[in-house]
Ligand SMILES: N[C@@H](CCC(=O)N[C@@H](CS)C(=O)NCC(=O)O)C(=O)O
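First, one chain by itself: the form predicted on its own, in C-alpha cells.
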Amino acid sequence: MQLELISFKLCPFAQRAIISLNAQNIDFKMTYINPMNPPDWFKEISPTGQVPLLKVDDTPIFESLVITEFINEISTENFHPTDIVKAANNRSWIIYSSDILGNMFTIITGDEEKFNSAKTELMERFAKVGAAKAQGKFFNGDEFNMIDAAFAPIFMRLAWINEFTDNAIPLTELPEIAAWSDAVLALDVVKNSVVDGLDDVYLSNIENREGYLSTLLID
C-alpha cells in the first residue's frame, strides 16, 4: 500500500495528518501543490478540489477527519483512547477544533472589530476545551493521542502570532491550555510536521492579509 498526502505547506489539516502518520510510523510521500492553481492531475483525482487529499495507491481519500481516521485504521496501534466513549468524545472535540481554526483565520484577516470578536470567541472555546481536558500533559492525560495532533496546528500558529506580536493572544488566563500547548509543541513529531521556515511563510501571510493583526507586528 503506497500513501501520498497532497496539500499545501500552510494547511493545518494536512499537518494533523502528517503528525498522525509520523506518530504511527507509517511511510508516506508528501506532495505540495499550489491550491490557488492546482495541477490538472490533482483536479482529476480530487472530487472536491480541496486539500488535504490522501492517495492510497490509486484511490483518493478526502476530508481531513476521514484521512486521519483511515491512518488510524491501518496503524498497528490505536491513536485514540481505548475506551470507546472517551474516543468518541475526543472525535467530538476534534470536530469542534475546526471552529477554533475558523477563529484563527478571522484573527489574521479581520479588521479590529472582527479581530477582537474572534479573539474573545477563541478564548471562550479554549475555556470549554480546558474544562473537558483531563489532568496531565495532554488532553487525555499523559498519552499523546489524535486529539493532541488535531490541536497542534492551532497551538503552533498561536505561538507564532504571539512571537510576531507583543503576545497579542496570550493564554495567561488559561494556564491549563497554555501548559497543554507547551507539551504538544515540545514533541519532535510536532516540530517535524512542518517544513523549515514555515513560520516566516506564516508571517508573510499575516502581512499580506493586511488585517488588524498585521498592525500589531513587531520588528
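What you see is a predicted model, and the numbers here were worked out from it, not measured in a lab. The numbering used is simple: start at 1 and walk along the sequence shown.
Heads up, the form predicted together with this ligand isn't pictured, but that's what we're talking about next.
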My question is simply whether P153 lines the interface with this ligand in the model of the complex - judged by any non-hydrogen atom within 4.5 Å. no
Within a 4.5 Å heavy atom cut-off, is Y202 in contact with this ligand in the model of the complex? no
So, P170 and this ligand: in the model of the complex, are they within 4.5 Å at any heavy atom pair? no
Is L198 a contact residue for this ligand in the model of the complex, using a 4.5 Å heavy atom cut-off? no
Just one of 22-30, 57-65, 170-178, 183-191 has residues with a heavy atom within 4.5 Å of this ligand in the model of the complex, so point it out. 57-65
Heavy atom within 4.5 Å of this ligand in the model of the complex: which residues of 38-64 meet that condition, in order? G49, Q50, V51, P52, E63, S64
